[in-house]
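Taking the form predicted alone, here's one chain by itself in structure tokens.
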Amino acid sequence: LQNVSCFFYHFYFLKRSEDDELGMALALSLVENTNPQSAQRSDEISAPPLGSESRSRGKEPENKAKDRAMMNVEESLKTQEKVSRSKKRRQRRKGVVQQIVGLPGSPSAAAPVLLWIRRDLRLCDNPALIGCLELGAPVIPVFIWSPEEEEGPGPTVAVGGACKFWLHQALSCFCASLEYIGSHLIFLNATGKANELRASLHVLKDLIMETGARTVLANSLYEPWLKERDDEVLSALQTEGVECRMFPSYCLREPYSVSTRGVGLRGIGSVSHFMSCCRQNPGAAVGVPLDPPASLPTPSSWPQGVPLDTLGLARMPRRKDGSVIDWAANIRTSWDFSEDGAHSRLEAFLHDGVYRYEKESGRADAPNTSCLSPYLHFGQLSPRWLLWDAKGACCRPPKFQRKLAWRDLAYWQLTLFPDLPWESLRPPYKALRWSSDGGRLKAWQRGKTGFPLVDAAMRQLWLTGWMNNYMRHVVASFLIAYLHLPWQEGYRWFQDTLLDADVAIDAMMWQNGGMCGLDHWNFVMHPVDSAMTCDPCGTFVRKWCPELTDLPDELIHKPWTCPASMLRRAGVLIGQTYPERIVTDLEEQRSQSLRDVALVRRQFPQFVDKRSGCDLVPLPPRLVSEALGGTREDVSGDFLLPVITRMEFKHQQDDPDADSASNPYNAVLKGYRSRKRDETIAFLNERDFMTSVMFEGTQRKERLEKDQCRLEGLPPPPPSASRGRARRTPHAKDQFSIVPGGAVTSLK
């Protein structure tokens, strides 16, 4: 009976499936049908009387029958438990099984626990949330908005407009999730609070005094200014006797725990070097993802909060006439901001897109990427859960799993170089001659550069708040290598318009693309040739640049090369319906960029390694101390380390005035189909030119005949006999019907 009672208690606090409820009913019926005096005969059950062996073979003792029935119930329950555990994790998340048990959802007078919510807007795999349940006390989830602390120092732009909008929607969805399990999310506004100390600390102290809480739990953040804020808050609260704990969950590997000991510093900045450091110096195990709780214990009284709208996260600008500019209308309809939306998108990707990710993730015209980055940034999906699901998929592309390592690498670099978002890591490149043309920058931001692929990507960014990784490389290369605009401008625009704007990832990417990060990009994305790889048929451009819809596939990425007659038929007027190119000579712009790099490397020879030709970067003392085996905690002076440098720059150093075409290490990335497509374009230009000349000649002849008849008073000539006839059937000997390279012959 004691075992049956334990099973009954176990099933009472867990929301089980119908099969499990049937098992519980069976256990209860066994309790009810058992003789009440059987409890007093427990000694007899455990020790059968002497002579029981001599009983008739056809009848089993009553106590043994009950034992057998009890064993059958236990075995049945264990079998159901095993079957339940064997189901996929994505099914468990949907509520089929809830393994984390908290206290009942009834109000309690015990001292509550404050769950400080930041970028962990989820119930699944939330260590701080599960830590609250383990304490066995009422839980008060609280979100504190302090923009002065979140923004970061200087020009960081840690929380842009698009991020604030997503945060507002995600908080609303997370609040609904908490209410579903019987809890509530308290919103507090710390704007302008307590100038003499941290605003969030001031709010937390008031909340502790109001609720009587003696414990604060939260998940860790790793941006340097937020880490400093958290350390101050924890220290101040612990001084007052309040227990504070931080749980690692935002990265797979805590950035401050990564060490280069045993690996060295050669190749630092690359993901391969970072993964070697993690393997050589393993930290805490990743562990198994945690399931969501079935309920949260609630306090006897809730503290007073503010409505979510008062935080101003989704406030839209207004015109002078008072009308609202709803710039997020397309974003609102393009995304599901809930935790369920994150897992649904992950399931859809693992079911279909993951099988094409390895080779086709760069395609802009097909949904081959996961689009999970916003959910990862705001913690609606934990990286550990994503890793486990990716490993559990039938297709396990290392390229997709490697993205999580890139993410951890970015945060590791940000902890080493807190000024990563605005200060070039390679000192000579701070002196690069950047353009100050605001018109070019505005054209790039608005998608009006005259280069269809770049314009389509920038318009997609503005309307949906997202673009895939390949297109981010395209627009970044165009801004830096062809427009000569500083990488900081691109970083700030991305931070303001990307829904997944992440300071660490964006800063590392733009530093590398801007030629001044720890790891140089060994390529430059050509704004036209790269389209042959990511959008060969022009589908992506037609979606976001509808004014170019009627251009043929072969010329849609080069509208300036189209014959006038083709542009006229497509309704395209360069300079009116579609902008002129802001840069006409791409090769000259690339050559100028190389000359500028060679110039600064010559001006600062102390930052160029004479033996290898690599750039030298000063390392922070923490990294130098680790490299020396931890024997010197205080390292004085700058330690210069040769870092990865593009071969193109090393060769340009010998001949600074050479153009990019003569550089044998030219890093411009060509499209996979560039040669075949160039032959096709040449053929189509020739065919269209001859057709246009013939058509214009016929029109001129008809016009002259019509004018002559009018002058002589004669009736107008009959229409041309060729009009209305069916098109001739092309044959093998027709030189205008054979397209080189097997390209499509139809023109729209």
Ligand SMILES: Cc1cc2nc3c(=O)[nH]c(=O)nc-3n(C[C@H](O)[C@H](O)[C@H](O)COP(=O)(O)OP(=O)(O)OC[C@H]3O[C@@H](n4cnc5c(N)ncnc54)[C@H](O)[C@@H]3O)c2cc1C
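All values reported here derive from a predicted model rather than from experimental measurement. Heads up: residue numbers just count along the shown sequence, starting at 1.
As for the form predicted in complex with the named molecule, it is not shown, yet the points below apply to it.
Partner contacts here mean any heavy atom within 4.5 Å of the named molecule in the predicted complex, and among 497 to 505, 607 to 615, 240 to 248, 291 to 299 they occur only in 497 to 505. Not displayed here, the named molecule is kept clear of F174 by more than 4.5 Å at the level of heavy atoms in the predicted complex.
Although the partner is absent here, N126 sits far enough away that none of its heavy atoms falls within 4.5 Å of the named molecule in the predicted complex. With a 4.5 Å cutoff on heavy atoms, L178 does not count as touching the named molecule in the predicted complex; it lies far away.
Contact check for W166: no non-hydrogen atom falls within 4.5 Å of the named molecule in the predicted complex.
Checked against the named molecule in the predicted complex, the candidates S382, T533, S220, T369 yield a single residue with a heavy atom inside 4.5 Å, and that residue is T369.
Just one of R646, R472, H273, R253 comes within 4.5 Å of the named molecule in the predicted complex, counting any heavy atom, and that one is R472.
In the predicted complex, the named molecule lies beyond 4.5 angstroms of every heavy atom of every residue of 546 to 562.
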